[in-house]
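Quick heads-up: it's one chain on its own, the form predicted on its own, in structure tokens.
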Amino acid sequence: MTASQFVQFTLVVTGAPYTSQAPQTALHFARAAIAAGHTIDRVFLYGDGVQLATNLACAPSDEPNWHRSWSEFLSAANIPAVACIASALRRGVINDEERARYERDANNLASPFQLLGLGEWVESVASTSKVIYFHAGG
């Protein structure tokens, strides 16, 4: 492939792990895209997709741990990962700053995810070749 054939993607995941295939399909796509020489500008979690960013979910030992798989992939590939702050707060996914702001006892945002607003999504959409959505379906 020539440099002009490489694509820079933004991935948007809106389905929750274990109740939809969206996070699993997105991860398989992301791995394949990187292996093919493409780049991923960032992964944006929105709606129920933000549940992927909690570090409190525990997968049974006989099931894939999609939370850990995503965190390891994003860290290894150095891909920024954003969870929509409004979606996250509604679903109980919270970082240390929001924990203090809302006077909660703990935080549960997994690394390398960040809580940011829709402006991050807009910026990414404006700067990448393709945006691919992974919805819950239904």
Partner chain sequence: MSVLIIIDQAPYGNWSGREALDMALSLAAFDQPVSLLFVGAGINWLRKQQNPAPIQQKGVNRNLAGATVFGIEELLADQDALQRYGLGAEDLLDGVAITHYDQDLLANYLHVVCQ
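Residue numbers count along the first chain shown, from 1. None of these values were measured; they are calculated from a predicted model.
If you look for the form predicted in complex with the partner chain, you will not find it shown, but the lines that follow are about it.
S.K.: When the contact criterion is heavy atoms within 4.5 Å, does Phe73 count as touching the partner chain in the predicted complex?
M.R.: Close contact is absent here: in the predicted complex, Phe73 is far from the partner chain, nothing within 4.5 Å, heavy atoms only.
S.K.: Please tell me whether any heavy atom belonging to Arg42 falls inside 4.5 Å of a heavy atom of the partner chain, as the geometry stands in the predicted complex.
M.R.: Answer no; every heavy atom of Arg42 is more than 4.5 Å from the partner chain in the predicted complex.
S.K.: Taking heavy atoms only, is Glu63 within 4.5 angstroms of the partner chain in the predicted complex?
M.R.: Residue-level check for Glu63: yes, a contact with the partner chain.
S.K.: With a 4.5 Å heavy atom cut-off, would you call Gln21 a contact of the partner chain in the predicted complex?
M.R.: So Gln21 counts as contacting the partner chain.
S.K.: Within 103-128, which residues come within 4.5 Å of the partner chain in the predicted complex, counting heavy atoms only?
M.R.: Leu118, Gly119, Trp121, Val122, Val125, Ala126, in sequence order.
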